[in-house]
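As a starting point, one isolated chain is supplied in structure tokens, in the form predicted on its own.
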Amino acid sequence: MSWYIWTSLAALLFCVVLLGKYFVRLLKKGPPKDLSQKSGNIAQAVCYSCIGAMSPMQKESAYLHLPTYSAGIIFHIGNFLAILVYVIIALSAIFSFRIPIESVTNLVIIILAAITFVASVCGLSLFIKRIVKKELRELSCTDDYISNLLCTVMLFVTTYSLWMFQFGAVYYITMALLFVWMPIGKIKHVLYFFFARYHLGFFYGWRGTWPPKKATV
């Protein structure tokens, strides 16, 4: 294998080890400790926290910014898909097996490339909006810009690589940079997100606030 493939694999190992360390640390902390009297269903509240409460209509202001909210969803889907593509390509390089492109129809490749391209455009639009809008600049830090731009570049590179079906040095180095930054910057919320939603669901579920009860007249 080429040096840039080994570089990306080393970066992936670094990422997995660090995220694994964070994961174990979070597990050791255990569930939240609440001294108040339990009055609700925690399991239902956690499910609502991860599904229903993520709806823009259930958030404080997301429903006022539906285009941005939608762009963020597409951006995240594209990132997960791009990482899945990397895993498949990397495995083919490690075990020296050839992906039977003949059985993978052009339509599948076009669909994958289209999704990552649309996601990259969404990422770029979010990056520009963060720069242009004063209120977003005031809320943003260097990590926000780096993480957004790095994921956007990765999506553009993945789109090109899929379209040409050629995964070269630029592709693997870009993925390596992403994997190195992931456990260091804000992208590590890929792990913390689920623990945060669990804690939020636990808090409101314990008190019987979530899932919200339908109002009766």
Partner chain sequence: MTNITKEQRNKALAIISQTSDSKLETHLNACVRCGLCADSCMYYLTMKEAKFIPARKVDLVSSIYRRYKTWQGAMFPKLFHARELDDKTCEEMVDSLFGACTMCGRCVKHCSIGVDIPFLVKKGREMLAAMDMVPKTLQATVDAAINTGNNMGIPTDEFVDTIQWMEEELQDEMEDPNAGLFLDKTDKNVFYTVNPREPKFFPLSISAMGKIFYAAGEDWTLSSKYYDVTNYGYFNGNNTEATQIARNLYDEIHKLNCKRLILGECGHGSRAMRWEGPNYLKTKYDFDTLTVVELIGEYIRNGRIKLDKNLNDKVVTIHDPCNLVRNGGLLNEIRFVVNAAAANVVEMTPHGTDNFCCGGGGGALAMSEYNERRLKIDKIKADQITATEAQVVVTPCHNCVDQLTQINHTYKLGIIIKTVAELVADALIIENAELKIKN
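Nothing here was measured: the structure is a model prediction, and the numbers come from that model. Positions refer to the first chain, counted from 1.
Quick note: we don't show the form predicted in complex with the partner chain, though the next part is all about it.
- Of the residues given (I173, A43, M54, L149), M54 alone sits with a heavy atom within 4.5 Å of the partner chain in the predicted bound form.
- Residue L136 is the only one of I110, L136, I77, L84 with a heavy atom lying within 4.5 Å of the partner chain in the predicted bound form.
- For the chain shown alone, V16 is not a contact residue for the partner chain in the predicted bound form, no non-hydrogen atom being within 4.5 angstroms.
- Proximity of Y192 to the partner chain in the predicted bound form falls within the 4.5 Å heavy atom cutoff.
- Contact between Y160 and the partner chain in the predicted bound form is not found at the 4.5 Å heavy atom cutoff.
- When the partner chain is considered in the predicted bound form, S96 lies well away from it, no heavy atom lying within 4.5 Å.
- Scanning 159-184 for heavy atoms within 4.5 Å of the partner chain in the predicted bound form gives W181, P183, I184 in sequence order.
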